[in-house]
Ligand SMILES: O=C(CO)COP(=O)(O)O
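There is one chain below, alone, in structure tokens, taken in the form predicted alone.
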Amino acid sequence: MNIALVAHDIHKNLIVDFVIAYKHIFQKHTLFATGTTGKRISEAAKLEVTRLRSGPLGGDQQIGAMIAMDDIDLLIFFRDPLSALGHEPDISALLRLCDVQRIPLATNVATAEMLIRAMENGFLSWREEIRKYDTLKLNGTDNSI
């Protein structure tokens, strides 16, 4: 699975610790992250992470574009809900895209742990079935519609 990892400054240590704690799961997947978050995860966890731009400099939008193209399967975004951020519209758009594209999304460590455990146990395989169904619909070969 392709997993996107994002964290606001206040939660960067938390996301690094989270990835280290579940390294045995994350190392089986392809990881993407915004700038500093990706660098810190890569260095601390010794995992390969494709780094995008910093969130305020377009990283959130890059992840959003990947979600829109169905290139991300799971987003973990430890955001700071108590601080006003200049790129809040980008954050809102990213969260909305997850809903539109049916991307599992965790915005806190409790939900992230549930999603990671579900992924580990194969409970996110429904995404592959949805992709197959959507492909059939696009090709006009699904007779059940």
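Position 1 is the first residue in the sequence shown; the rest follow in order. Please read all numbers here as calculations on a predicted model, not as lab measurements.
Keep in mind the form predicted together with the ligand is missing from the figure; the text below concerns it.
Asks: Looking at heavy atoms inside 4.5 Å, which stretch does the ligand contact in the predicted complex, given the options 109-117, 95-103, 29-37, 42-50?
Replies: Single hit among the candidates: 29-37.
Asks: Even though the ligand is not shown here, does residue 12 get within 4.5 Å of it in the predicted complex, heavy atoms only?
Replies: Output for residue 12 is yes: heavy atoms within 4.5 Å of the ligand.
Asks: Could you tell me if residue 64 has a non-hydrogen atom within 4.5 Å of the ligand in the predicted complex?
Replies: Looking in the predicted complex, residue contacts with the ligand do not include residue 64, since no heavy atom lies within 4.5 Å.
Asks: Using the arrangement in the predicted complex, list in sequence order the residues of 1-17 with any heavy atom within 4.5 angstroms of the ligand.
Replies: Contacts from 1-17: 6, 7, 8, 9, 12.
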